[in-house]
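First, one chain by itself: the form predicted on its own, in structure tokens.
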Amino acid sequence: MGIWPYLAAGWVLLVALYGLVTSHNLIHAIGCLAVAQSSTYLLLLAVGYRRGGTAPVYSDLTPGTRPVVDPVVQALALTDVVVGATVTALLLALTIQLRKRHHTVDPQALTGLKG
């Protein structure tokens, strides 16, 4: 597989960070954070991939006959998806409340937030 998945994960992260830095809208910034989170999915897939590997849950495999993938990486990827969705939902809910109270989602206009 080589270095390509790692480069793809780095490229996706850099694109997301560029979008985050240049964002003038909180919803766009939250979307960029979600894209940055997806770069970690690519990274975990690259780490856990084994050519010809199979799931380690089959009982008919004799140990050492075929390579199996690491289930810890799969669990981390699933946890990453759940945490990413939860954080995105929370940030969007906070943005909605901010829009209701201050009538803007532009971070430049929110510099003087006080009680």
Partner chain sequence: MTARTRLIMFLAAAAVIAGFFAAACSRLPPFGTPDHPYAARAVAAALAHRTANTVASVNFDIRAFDTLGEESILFGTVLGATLLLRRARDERHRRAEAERVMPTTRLFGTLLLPVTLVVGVYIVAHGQLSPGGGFQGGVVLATALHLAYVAADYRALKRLRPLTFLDVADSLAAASFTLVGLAGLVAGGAFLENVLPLGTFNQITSGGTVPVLNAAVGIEVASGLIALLAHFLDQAVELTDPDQHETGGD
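Positions refer to the first chain, counted from 1. Keep in mind the model is a prediction, meaning the values are calculated, not measured.
The form predicted together with the partner chain is left out here; the points below concern that form.
- In the model of the complex, the partner chain lies within 4.5 Å of some heavy atom of G48.
- In the model of the complex, the partner chain lies within 4.5 Å of some heavy atom of T79.
- Using a 4.5 Å cutoff between non-hydrogen atoms, Q37 does not count as a contact of the partner chain in the model of the complex.
- Although the partner is absent here, I3 lies within 4.5 Å of the partner chain in the model of the complex, judged by heavy atoms.
- Contacts of stretch 6-22 with the partner chain in the model of the complex, defined by any heavy atom lying within 4.5 Å, are made by Y6, L7, G10, L14, L17, Y18, V21, T22, listed in sequence order.
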